[in-house]
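A single chain comes next, written as C-alpha cells; it is the form predicted alone.
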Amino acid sequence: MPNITFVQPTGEAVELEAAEGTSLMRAAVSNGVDGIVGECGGQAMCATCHVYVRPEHADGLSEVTEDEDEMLDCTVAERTERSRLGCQIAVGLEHDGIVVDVPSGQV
C-alpha cells in the first residue's frame, strides 16, 4: 500500500498507508488526520480537503479538472500553484511516499 505523509502547519508529520485507488482525502479522513475535513464526501464541492502537494511529488498526478479548478478558488487558505483537492487525487503505487502540506484552515 502506498504511504502518504501529511505535514501540519506546525511541522508535525503524520504518515499513513492508503489502500490503492482510494483518494488522498478519504485516506486522511479515515485515519483522523487533523485539518482534512472532506465535508462533501469527495464530490469536489466544498474544498475542505485542500492540500499543498510538495513539488517533488507533483509529477504523475492527474490534471486539475475544471470543477477542481473552480473549487480551488474557494479555499479558505491561500491557493498556490501547489494547491490540490485531496478528493481528486487517487492514490496509486506510483504515489508511494507522497508528501502534502495541510493548510492552516479549511472552513
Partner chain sequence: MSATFHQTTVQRCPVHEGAEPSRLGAAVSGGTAPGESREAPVADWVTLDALHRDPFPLYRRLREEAPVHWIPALNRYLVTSYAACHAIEQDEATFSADERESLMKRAMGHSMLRKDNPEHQRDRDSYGKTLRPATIKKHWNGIFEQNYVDCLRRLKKAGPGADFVWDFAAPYAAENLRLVMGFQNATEADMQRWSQTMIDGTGNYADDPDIWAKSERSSAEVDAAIDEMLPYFKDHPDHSLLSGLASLPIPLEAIRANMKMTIGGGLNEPRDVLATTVWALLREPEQLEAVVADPSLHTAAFEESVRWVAPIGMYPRQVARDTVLEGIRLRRGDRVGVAIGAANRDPAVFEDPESFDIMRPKKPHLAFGGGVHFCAGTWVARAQVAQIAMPRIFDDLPGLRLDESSPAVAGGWVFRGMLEMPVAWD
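Quick caveat, the model's predicted, so the values are computed rather than measured. Positions refer to the first chain, counted from 1.
Missing here is the form predicted together with its partner chain; even so, the following discussion is about that form.
K.L.:
Please tell me whether any heavy atom belonging to Ser30 falls inside 4.5 Å of a heavy atom of its partner chain, as the geometry stands in the predicted bound form.
P.N.:
Residue-level check for Ser30: yes, a contact with its partner chain.
K.L.:
Indicate whether its partner chain has at least one heavy atom within 4.5 Å of a heavy atom of Glu12 in the predicted bound form.
P.N.:
Yes, contact at 4.5 Å.
K.L.:
Contact between Ser62 and its partner chain in the predicted bound form at 4.5 Å, heavy atoms?
P.N.:
No, Ser62 is distant from the partner.
K.L.:
Is it the case that Leu16, even though its partner is missing from this view, gets within 4.5 Å of its partner chain in the predicted bound form, heavy atoms only?
P.N.:
Yes, Leu16 lies within 4.5 Å of its partner chain in the predicted bound form.
K.L.:
Can you name the residues of 45-60 that have a non-hydrogen atom within 4.5 angstroms of its partner chain in the predicted bound form?
P.N.:
Sequence-ordered list: Met45, Cys46.
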